[in-house]
Every structure is written in structure tokens, then in C-alpha cells.
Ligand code: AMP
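Starting off, we have a lone chain in the form predicted alone, written out as C-alpha cells.
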């Protein structure tokens, strides 16, 4: 268990807080979705209300170490100022004399957002000199950016290692508690619903969950590699050929118990080409014509998956059931989303991670109907795979006794 903001004296301290403001922008450059900003408000507000001067750092997009005006965090500062009751300032750099002066003049209760840390190559390279410059901005380090906790970058790993006091924010605390709880004792049956394009991105998760869950439901493009591993024809559907032996092994493990663990679709929506105007038809698993492509689960699969979801007491969902971004192929994903909400209403614990899964719930206005929406796609997967997250490992443990004092 990691120390949090509650465990330290913040009064008249400068808090350097890593947040995840990597938000989608509209065509005219405004914040299109402020969910990630709102998610960090409790930590920012708490620190400011308890006498800290708060220095925020984040990334936005992938500028690859170069300044890119379209990826400036200035627009995020404007949105943050509308959402929080404390004064918000912005500086158009994250290191340098101007930044140092702005931080020196920052009063308790004020908030300063630094410019995009990925404008510097030293961020993603975890360059020690760049990490040292970032670390000089505060007395206490707080990580509230769970979505980047799996990255060993300067702002998430290098800089915090230089602090005597380095703790989790409230969003980070919640993510670790909820997702960590899925690896501990949970109410059963425990069902994992996994989708998305490629097996390669989920194979570690499947292997780790196979011994922990009662059922694994697999949909999306990754299902077709499992079909091929089982000797079925998949036409021109997505295939991770290098993972065929491992998929075959997992299917064999699944079939050894009294009840099978891995559930695959029994029918698919198929098309000749992946486009909104394509002719589509439904075929049974193994009957995909040679030149056709699987793009979604069909009704029989939905019925089977829904039955297993409604039986569950704990559910983890990551990844769409089809090519969700194209409306005609989004039906399976949306129906799974509705089943998840129905199970939650009946008392199940539901945890959702991954952009498309969250997007499906948002489109259906059901995001507030599940137990927990994770803000970290890759981070949540790596945590559930059993991997150590650099941005978490560097933080202070509760049992570590450290005085609250300056690091300089």
C-alpha cells in the first residue's frame, strides 16, 4: 500500500504533481472531453486547500521531443480554471529560468500548469538531467497519473526518485485499490471480457487471469487468432500468426477443467471490406468465407456472453467486441456494455478499462452505471498481468517512516 496526500503535511509546501491531461482535442483546438481533468480535481483541490502551492506537469499527445503548438497544454489550463475554485496559472515551458521564477512566486493555494513535458526528449528517455530539473520544482512529489504509471519516464520515475516525500494522489489510490482488488479475493463468479484487435496486446493478461477468473470471454479481432489455433477458417480476418501456438496452449488449458474457461464467439458479422458501406452477413464460427473479414460478434454470441456476464459477481471488461469505431460494427460492443450495466444493477462489481470500452459506455450514457472506469488502458493491463509499474514502485510505502521535510 502506498502513502497518499493524506499522509503528508502540505501546508506552505510546493507540491509537484504528475497528472494525466492527455485529453482529446476538437478540430478547433479546444478540450473535447474533460474526463481526465475532472478525475484529478480531488487531488489538486485537496493539496491547494491544505496550503500547498501546486505545480502540475503532464504530457499531451506525442510531440516526439519537439515543440508543437497544437499540443500545448495552455487550452487545458483554461479548462482547469473553469473547473476548480483556485487560481490557475500557466507557463509555456516546463524547465528553465521563467519556470523557476513562476514557481518561486506561487502562493499557497495557487495552481501552476507547466507546458507539455514531452516537448523534451529527456521525458520519454528518462534523462537524469531533465529529471533533476523537474524535481527542483517541488518539495513533495505526487503521482495522480495512473494512465502513465507503466512508463519509466522522467516525470513518472526519474524525478520522483529524487524526492524524500513521494506519494500517490487520490485517483492513483483508487485505481490501485480497485484493480489490485481484482488480483485478491473477489466475489465469484469472476468473469473477464476481453476484446480488441490483437492477441499480442492481451496475451499476458489472459495467461495471468486464467488461474484467477472463472470465465474469460474473448471477442474482437483477437478472437480470430484463437479460431485459427483451433483449426477453424477465418477468411481474411485479423491474425497474429506468431501467437498461434500460445493460443492453442491456452485453449487446451481451458478445456481441462470441469467447465471450460475460455468462451469464444459462435457467430460473426463478416464483410468483404472494412468500411461503413460494406455488405455484411452473419456466419457461424468456422464458416467465414475465404475473402471475408470478421468485424463483430453476432446475436448468438451476444446471448451466450450476456448469460455469463449476468451470472457474474465480479466483471472486468477491456476491449471492444468488433470494429467499434465504424457504427455498423459496434452493435456487439454496445450490447455487452448494456449487459455489464444490467449485471451491475443486480449487485455485481464491474470494472472497465480501455478507451473503446469506456467510449461505448459514454456513447450509451451509461458510464456512471458501472462500479469503476479505469483511466489507464496500458497501465491497468500491465497491473493485472502482474507486472510492476515504475510510476507506482517509486512511491513511498505506508510502512516507510519518513519525516516531512524539504529534500534540499
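Residue numbers count along the first chain shown, from 1. Everything numeric in this text was worked out from a predicted model, so none of it was measured.
Unshown form predicted in complex with the named molecule; subsequent notes refer to it.
- Note on the interface: of 137 to 145, 245 to 253, 322 to 330, 210 to 218, the segment with non-hydrogen atoms within 4.5 angstroms of the named molecule in the model of the complex is 322 to 330.
- Put simply, of 111, 76, 336, 295 only one has a heavy atom within 4.5 Å of the named molecule in the model of the complex, and it is 295.
- The contact with the named molecule in the model of the complex, taken as any heavy atom within 4.5 Å, belongs to 197 out of 83, 266, 197, 183.
- Within this chain, residue 356 lines the site of the named molecule in the model of the complex, having a heavy atom no more than 4.5 Å away.
- The named molecule is not shown here, but in the model of the complex it comes within 4.5 Å of a heavy atom of residue 202.
- The named molecule in the model of the complex is approached by residue 224, whose closest heavy atom lies within 4.5 angstroms of it.
- In this stretch, 121 to 143, not one residue has a heavy atom within 4.5 Å of the named molecule in the model of the complex; the partner itself is omitted from this view.
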